[in-house]
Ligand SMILES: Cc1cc2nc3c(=O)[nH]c(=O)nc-3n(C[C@H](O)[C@H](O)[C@H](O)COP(=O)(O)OP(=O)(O)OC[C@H]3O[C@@H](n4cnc5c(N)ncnc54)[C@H](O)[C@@H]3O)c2cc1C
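This document opens with one chain alone, in structure tokens, the form predicted alone.
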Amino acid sequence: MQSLLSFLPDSWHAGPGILIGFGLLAAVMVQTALAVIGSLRRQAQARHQFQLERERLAYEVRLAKSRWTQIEHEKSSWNGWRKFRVVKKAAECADVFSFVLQPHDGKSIPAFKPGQYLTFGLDIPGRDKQVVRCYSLSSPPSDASSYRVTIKKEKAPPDKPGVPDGVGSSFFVDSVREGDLLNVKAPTGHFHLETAKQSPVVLISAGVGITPVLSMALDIAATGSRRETWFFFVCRNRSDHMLKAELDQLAARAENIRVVVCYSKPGPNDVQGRDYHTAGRLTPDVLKSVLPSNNYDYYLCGNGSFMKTMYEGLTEWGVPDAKIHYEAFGPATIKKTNATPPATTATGAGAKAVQVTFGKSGKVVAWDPATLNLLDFALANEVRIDSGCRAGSCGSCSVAVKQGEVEYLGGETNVGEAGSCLTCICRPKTDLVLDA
């Protein structure tokens, strides 16, 4: 204090009054500073509260839109078959075509959840009964007047001579023309994006598995959602790169959607950076090298082996089962970590595995608990069962149960026709005899 007073004029060295004045001034300055700090803190808290309120209101708006969409879907949906006209057939790449469909009756159609599929009843010449097949919607739900499906002709496996090409996909690619009428059931399916959420997502696809996840990405872009989105797609090369122009436009116009394309076998004219980003197969290691963390919701679609590799890689990376959503083309070989334990005919150390008898095929096989459902089990043992949606909706995998009981994966009861089971969504509960 003495050193400070030495710089003051002599008239200020009058006595303790001056010191008291300085003390009061300092106290006022401290109080003012505290008041300013408190005001700034309250303003920061108010801004934070305002931001939280905005996010809450935005969530409620999204939730209201989702409920409204569901109500509109129920109002404009239909039961059974409805005629749709093919208004456009467009080649995407080798053996892949998109089909744009509009209702023949001219009435409105329900919006769908991105990722869902349509069920078709195909009247194929030479077939004694209708062939039921399901194909994912590749358009966004915002296309209110039409649906689009993108279908690849499934060629017969080269190592299985005598096996025909895919019946439904061959009919679409080879025979369906613009102007044709098709029998269609309303959109459905449990594999779809939760549009009310804004949590970050990773969309992963291989080959024609791009169709449902592209619908998800297109919906994110069309609605103006700012949720962080990663889109991974793998195909052989440019000749197999379906829906390429649409994917390029998506990457260019939506800053929050990052697209990563992998070519497993790039062609001589394929240019990295223009046509694709990474050479080689899409593996969990590729995801780990690109993603900032594993904290995402994952939506996967592809063939069985691809899905198995991805699922196992994600779980090893620490991604919870609840964050992995998938749909497989062909036999699904994914075994979830919380899969149902094996069915047995007894308990204890001497428990005996359930036996599944395929009556028509003459095969008796011990149930494999690593298999998700009876349909996959039948196909793995070369017992042919027709299938479509693989979600228990279309009924094409229904098989008569001649003896024994089944249990449904979701705990459903009274599913399908009496005396039959939907093999894509059930497992044996006891020894079983199927009419297959």
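Just count from 1 along the sequence shown to find any residue number. Computed from a prediction, not measured in an experiment: that's the story for all the values here.
Beyond what is shown, the protein has a form predicted together with the named molecule; the following relates to that form.
- Remark: all three candidate residues (Gly168, Glu327 and Cys389) come within 4.5 Å of the named molecule in the model of the complex, counting heavy atoms only.
- When the named molecule is considered in the model of the complex, only one residue from Val234, Leu101, Met310, Cys134 comes within 4.5 Å through any heavy atom, namely Cys134.
- Here is the short version: of Lys185, His241, Lys152, His192, the single residue with a heavy atom within 4.5 Å of the named molecule in the model of the complex is Lys152.
- Remark: of stretches 219-227, 262-270, 247-255, 134-142, the one touching the named molecule in the model of the complex is 134-142 (heavy atom within 4.5 Å).
- At least one heavy atom of Arg384 is located within 4.5 Å of the named molecule in the model of the complex.
- The named molecule in the model of the complex comes within 4.5 Å of no heavy atom belonging to Gly106.
- Not displayed here, the named molecule is kept clear of Leu214 by more than 4.5 Å at the level of heavy atoms in the model of the complex.
- Taking non-hydrogen atoms only, Arg177 never approaches the named molecule to within 4.5 angstroms in the model of the complex.
- Shown without its partner, the chain has Tyr117 as the single residue in segment 96-122 with a non-hydrogen atom within 4.5 angstroms of the named molecule in the model of the complex.
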